[in-house]
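Let's start with one chain on its own, the form predicted alone, as structure tokens.
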């Protein structure tokens, strides 16, 4: 396996979040696998932004700590980055006022600022000059870069960026890095962020209403759906706050739409009252929650997986919900699709729990198979035109605890839908018998729902001595670490509730040594496993510094415990 890690760094406002994906597309088109991980502070301008690209001749799943090539436009790089003697640093040292003679790394001093001034180009295209310099240094023909630029930029700015690219190629006079690896035909592969995949899956599932207030790192789901709203007949509403976001989605679902909302933990805090409304009214609702560090505002643009218990227990009292915890793009795609079917079939709120790392990083996949995917809208009352004004028992059990839905305007479907406890017709009631009857009916949904949720799976050598236990996006770093160390495997939870804990317990108990790996302080999945199985995982590998796990960290843990 060949591997190269390139980091691009610049102040916010310099286009760093566009440069990373743009270079990734160039590398994919050239025939390399690529994965991209962005870091940025919550600032409009200034600060320190970086985009790390992992490039390989094999599929690559997660980020590494070590950087091989650093293209930087920020003086802060020389304080923040761990530069080794073999690290290549490309920068305009005169512009940054950095004494390169004191650096213990390979230096390429490129006059970006002087070049744009001499060529009459805007300062911003220094980023394209740098990308072009990198491409030339890797032996990539300029035609590949220009082709990607043409697809990414408007005609209005294309010529300026072409000129910048030519400047970068002219400045680079050598192939300073060897990437003479075997190239693949990756034209059929896609390169997308997790949020783009979540939105694409929602479109595949027939979403026709999405409402929310934007909140990092879930915001780009809103942007993506808004971009394609007209193409797919979707109402996309940027609401005044998260409370309106969830209640509008509930209203739309009540009226018959396939509805979804999305936010992060802080926004979901505001949505909780609405969540209870969806539960008591048995209104289907998909909630896409992308986690970040908290509490309160926390670290808005960074990584954590600490909202698991929150979504499992949010709202007063207890009710049936479903929680998916996908680990990669494919699981995310099918989780969102299934979430819509389960929400409507069981008439419950369904969560798809992502995080900043999975939502905003770019990954490559060989596509998603949609053959066989079927939209299931559940039990719906078709109407009775012979008796259009008849009352309808909306909350009477039809099958397995599930009633039939009657959309507004359905002949013979007259009923009430209160936030109070109610009888079969929706009339408010605090009668003890009715309360008990309705609660027992709602919980009867669990028996079949648990059979439809994905179960924990074991990946790797079944006889390995060490087994990591994970959920969500930590799956990707464990897959990457398996390229270097074979004496471990891992159990991944693609969903947490409801699942078959009896078989899960059997899977856990047959392992030799368990290590919990989670992006939170308390090991939330470990606690949930202990509560439901009695299996207590003593060895924990927990990270809560706002960053995802890096491959080297997993390998170091394996060295310590082996």
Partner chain sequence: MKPMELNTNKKPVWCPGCGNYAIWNALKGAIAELGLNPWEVVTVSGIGCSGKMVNYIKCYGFHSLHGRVIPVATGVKLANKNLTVIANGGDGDGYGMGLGHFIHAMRRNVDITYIVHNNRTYGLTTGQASPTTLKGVVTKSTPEGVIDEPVNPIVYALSAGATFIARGYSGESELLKELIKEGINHKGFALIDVLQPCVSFAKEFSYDFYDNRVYKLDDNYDFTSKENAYKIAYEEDRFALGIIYKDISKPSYEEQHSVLKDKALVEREVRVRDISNILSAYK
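Please read these numbers as outputs of a predicted model, since none were measured by experiment. Numbering follows the first chain given and starts at 1.
Omitted here: the form predicted in complex with the partner chain. The next part is about that form.
Of the residues 287, 308, 165, 207, just one reaches the partner chain in the predicted bound form with a heavy atom at 4.5 Å or closer; this is 207. Though the partner chain is absent from this view, in the predicted bound form it lies within 4.5 Å of a heavy atom of just one residue from 177, 255, 105, 457, which is 255. Contact with the partner chain in the predicted bound form, defined as any heavy atom within 4.5 Å, is confined among 59-67, 505-513, 24-32, 44-52 to 24-32. Against the partner chain in the predicted bound form, the set 399, 532 and 555 makes no contact: no member has a heavy atom within 4.5 Å. Under a 4.5 angstroms non-hydrogen atom cutoff, the partner chain in the predicted bound form lacks residue 97 among its neighbouring residues. Using a 4.5 Å cutoff between non-hydrogen atoms, residue 414 counts as a contact of the partner chain in the predicted bound form. When the partner chain is considered in the predicted bound form, residue 239 lines it closely, a heavy atom lying within 4.5 Å. Taking the partner from the other structure, the partner chain in the predicted bound form has a heavy atom within 4.5 Å of a heavy atom of residue 420. Along 187-206, these residues reach a heavy atom to within 4.5 Å of the partner chain in the predicted bound form: 187, 188, 189, 190, 191, 192, 196, 200, 202, 203, 204, 205, 206.
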